[in-house]
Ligand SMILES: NC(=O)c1ccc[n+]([C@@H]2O[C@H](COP(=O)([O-])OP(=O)(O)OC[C@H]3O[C@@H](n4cnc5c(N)ncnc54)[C@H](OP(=O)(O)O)[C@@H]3O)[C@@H](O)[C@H]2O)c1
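Next up is one chain by itself, shown in structure tokens, the form predicted on its own.
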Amino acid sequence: MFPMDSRVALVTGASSGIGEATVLELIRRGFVVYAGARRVERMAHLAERGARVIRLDVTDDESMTAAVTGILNDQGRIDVLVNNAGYGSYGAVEDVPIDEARRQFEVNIFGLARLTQLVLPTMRRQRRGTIVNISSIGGRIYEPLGAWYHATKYAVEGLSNSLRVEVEPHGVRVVLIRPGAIRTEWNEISRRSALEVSGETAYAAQAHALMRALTAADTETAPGPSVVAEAIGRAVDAAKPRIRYTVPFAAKAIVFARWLLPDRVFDAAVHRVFGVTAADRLAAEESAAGARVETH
């Protein structure tokens, strides 16, 4: 466990959702917290709660380097990095522009990896530190029209596993957090992207089916981001944290089912959950008809 009076944390993607909740949780646990995001104006309330707000773009190497250098100049140490910044880009593989696919990897995996490179020299010298990578149960399962997003989360899992055994001899811990359905604005943005990209293509009915299924999962019964932040807090405070934290409980059941079921059986379950209904086909036809009217 770290000394309670000197711990410094950097949280990316801190302007909303899981990142915002994590900043508040780590402040509560006594950290000096640097909250990083592109939308600095959305973090004023975090500054009022004691966070050090910084502009941070995980697709910009100069921005990342400046952020880490600034923290080290101010504090002389970094004890925790929470790689939370990320987004979900949905749409059929055939429809998603390859530049958008690249951007998904730039944000969700290469930004994470670059920030990790930047903090590791300090953590190695300290002989302690914790890197928390926000993955997803999407790094273990799959769904139609989510190929690029899931590919990035599978990559986060693989990178984290190798990184863990690389840095453990230097006193650095690597922890994976696997959220399931959590109520944040991320969900609405991701769902809408499927309709924007594939809502008028050969995959339109599947896009509407995906929208319906994900909307049903994103109900008021789904927990808010604080459940993820609390898991992160437990991990960074633990003398020996678990390798993976899957939250909430429903997410654990889904991951267990993926481990238990053969691929074909799990495929069938995915088809049942995301199956195209008559209503989905009608919605797709109406979208296509509307698009044709707009072009005339």
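Just count from 1 along the sequence shown to find any residue number. Quick caveat: nothing in here was measured; it's all calculated off a predicted structure.
Separately, the form predicted in complex with this ligand exists; it is not shown, and the next lines address it.
Check your understanding: Exactly one of P144, P179, G129, G199 has a non-hydrogen atom within 4.5 Å of this ligand in the model of the complex; which residue is it?
Key -> The residue in contact is P179.
Exercise for review: Please pick, from V165, I189, A216, I98, the one residue with any non-hydrogen atom lying within 4.5 angstroms of this ligand in the model of the complex.
Suggested key: Filtering the options by heavy-atom distance leaves I189.
Exercise for review: Heavy atoms, 4.5 Å, this ligand in the model of the complex: which of 234-242, 255-263, 54-62, 25-33 makes the cut? Say which one.
Suggested key: Within 4.5 Å of the partner lies stretch 54-62.
Check your understanding: Is the gap between T116 and this ligand in the model of the complex 4.5 Å or less for some heavy atom pair?
Key -> T116: no, not in contact with this ligand in the model of the complex.
Practice item. Classify A85 as contacting or not contacting this ligand in the model of the complex by the rule of any non-hydrogen atom within 4.5 angstroms, answering yes or no. Key: Judged by the heavy-atom cut-off of 4.5 Å, A85 is in contact with this ligand in the model of the complex.
Review point. Should H271 be counted as a contact of this ligand in the model of the complex, where contact means heavy atoms within 4.5 Å?
Key: H271: no contact with this ligand in the model of the complex.
Exercise for review: Using the partner position in the model of the complex, report whether R173 sits within 4.5 Å of this ligand, counting heavy atoms only.
Suggested key: Outside the cut-off, so no.
Practice item. Between 24-52 and this ligand in the model of the complex, list the residues on our side with a heavy atom within 4.5 Å. Key: Contacting residues: A37, R38, R39.
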